[in-house]
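Listed next as structure tokens is one chain, alone, in the form predicted on its own.
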Amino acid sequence: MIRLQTMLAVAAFAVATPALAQDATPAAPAAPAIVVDEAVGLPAWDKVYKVFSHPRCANCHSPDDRPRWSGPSYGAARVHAFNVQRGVDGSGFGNTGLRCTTCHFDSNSAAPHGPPGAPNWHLAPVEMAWFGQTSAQICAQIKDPARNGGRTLDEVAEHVRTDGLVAWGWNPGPGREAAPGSAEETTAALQQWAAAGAPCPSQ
């Protein structure tokens, strides 16, 4: 009888041990709370917005299938001539027979107001369109991976810093006003905004 009780006790201990071990496993640390510092983040975002909303950037972030071209103000923006289209495949590189690279090469034309150029010249994907949107709307879009090319905020900043077509906005060729600042300054502003919790303005 004593032997049977001992065997039952050992079996009960063996069953209980995994449960005890499981209970002893430390819980995963909670993700740190995001601290939003509007006093730092909003001025940084305003620098980004001035670039993203500038015609050198916004004209190619068109909400329809036609890019725009313009002077330094939205009032001068007009739909691209020659019935240029995004492309039936949605690529943004134009339709067969009228691809963007037919006129837009890897560098700018030397003639004032001649065809601008940069590597992989094309219209931004339609989900990344923000032409004419408010600061608050563009801010929310940049934070949304479904509308920013599937990027984290760090990747958005890296895209601005390294992409050759984005860089064209600060080197648009003779006769065109460049976007404000530089790629480096805009990247730094994006990083500062993200580090401050990526706050968005109210409008």
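Each residue number is its position in the shown sequence, starting from 1. Since the model is a prediction, treat every value here as computed from it, not as a measurement.
Not pictured, yet referred to below: the form predicted in complex with a small molecule.
Although the partner is absent here, residue 130 is a contact residue: one of its heavy atoms lies within 4.5 angstroms of the small molecule in the predicted complex. At the 4.5 Å threshold, heavy atoms of residue 70 reach the small molecule in the predicted complex.
In the predicted complex, the small molecule sits within 4.5 Å of a heavy atom belonging to residue 151. Using a 4.5 Å cutoff between non-hydrogen atoms, residue 55 counts as a contact of the small molecule in the predicted complex.
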